[in-house]
Ligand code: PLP
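Here you get one chain, nothing else, as structure tokens; it is the form predicted on its own.
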Amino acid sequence: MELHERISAKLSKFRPSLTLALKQRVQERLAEGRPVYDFGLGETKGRLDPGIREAGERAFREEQTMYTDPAGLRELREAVLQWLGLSDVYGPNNVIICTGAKQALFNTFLATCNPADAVLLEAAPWVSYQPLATAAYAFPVMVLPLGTQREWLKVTREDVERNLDARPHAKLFLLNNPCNPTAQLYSAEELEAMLSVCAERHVYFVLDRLYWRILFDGRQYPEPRIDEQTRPWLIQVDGMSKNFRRTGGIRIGWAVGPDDVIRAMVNLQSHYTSGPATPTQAAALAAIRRPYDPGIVKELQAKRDLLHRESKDMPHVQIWPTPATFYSFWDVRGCFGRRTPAGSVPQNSDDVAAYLLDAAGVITASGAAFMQKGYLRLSFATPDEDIIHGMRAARQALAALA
């Protein structure tokens, strides 16, 4: 029997998440005894905060392992509003706790979109946005900046308006701010312009703010306007995985939004996961209930500065500024058409990523996973010695391109 007869059409063309596949490649190369410098997976490292660990352990010891409200523990939902500074404008019924931010996004698509509704995505969408939208029978559309002078692949109000004019069945616009993979940060003015046009057009503005604490050089997060006009159309998604050390596998995320949308998400979630595990909710509560420790931000800013110093004047590459997140975004189109010492000629970012891996042991995420084939994403949430030696290995490999 053919594959398409056994697997649904919407899933038969899916590929595994590239960012998670990178972790497997690291392990394979290490098992072979070959050098590897891992700039691939976007995952914070270091020691898990003892308070987070102890809260999860205590939940197990006290047998807090029964079902919770499908929306999540009430005290955690209240803590989420305090964490985001939203206690004055929302209540616990406006929050849903999910098994990671991915589920929060998937819940959003399923709760708001009808089959074939358009979902507008930014110019370099995170790797899972399109598969999640497709699985919800929505139609994902990239909003590309118009003209060659738009810097850093940032979209504007005019770009959103143009796409809404062309697609009257668009149901939502999804923006990641700060952005994975480009590491760019939209200003309060830029955010307001796009939010206002969505509210005017009665289109949901979904703000994925998963990296909102990882801002450098004293920047403050540009909070979206919440008032009578925007409240019915604004949905914010956040979670545990990026703003704390070693918490990606805890798998707790949340969404905050209008009463009717959150209620629909809760109804849906009650059927297909019944809500996240109780002990991990306890761990998340311990993390966000306390004052935030900015140590991880200082550490990542130092790593950013180290990477920028070690990669200065990298051959054939333009390296973008990094105001936020823990990614460095590289324009590698200058490598295309050049010959490697082995005789191959890179034609796209997949080729450049493969060359850096084979020639230098440097693992990167190809921009093709983010619908931008001329770029690479490097995560600098990695040991300093790997940054130093990895950038030297990359420089040597790129300099060898004829």
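Owing to the predicted nature of the structure, the values given are computational and were not obtained by experimental measurement. We number the residues from 1 along the sequence you see.
Omitted from view is the form predicted together with the ligand, to which the following refers.
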| item | value |
| --- | --- |
| Residue contact check: N180 to the ligand in the predicted complex, 4.5 Å heavy atom | yes |
| Heavy atom of L105 within 4.5 Å of the ligand in the predicted complex | yes |
| Partner proximity in the predicted complex: K242 to the ligand, non-hydrogen atom cutoff 4.5 Å | yes |
| Contact test in the predicted complex: I97 vs the ligand, heavy atoms, 4.5 Å | no |
| Proximity to the ligand in the predicted complex (heavy atom, within 4.5 Å), stretch among 283-291, 151-159, 206-214, 112-120 | 206-214 |
| Proximity to the ligand in the predicted complex, single hit among Y221, Y186, Y129, W83 (heavy atom within 4.5 Å) | Y129 |
| Heavy atom within 4.5 Å of the ligand in the predicted complex - the one residue of R251, K303, K171, R77 that qualifies | R251 |
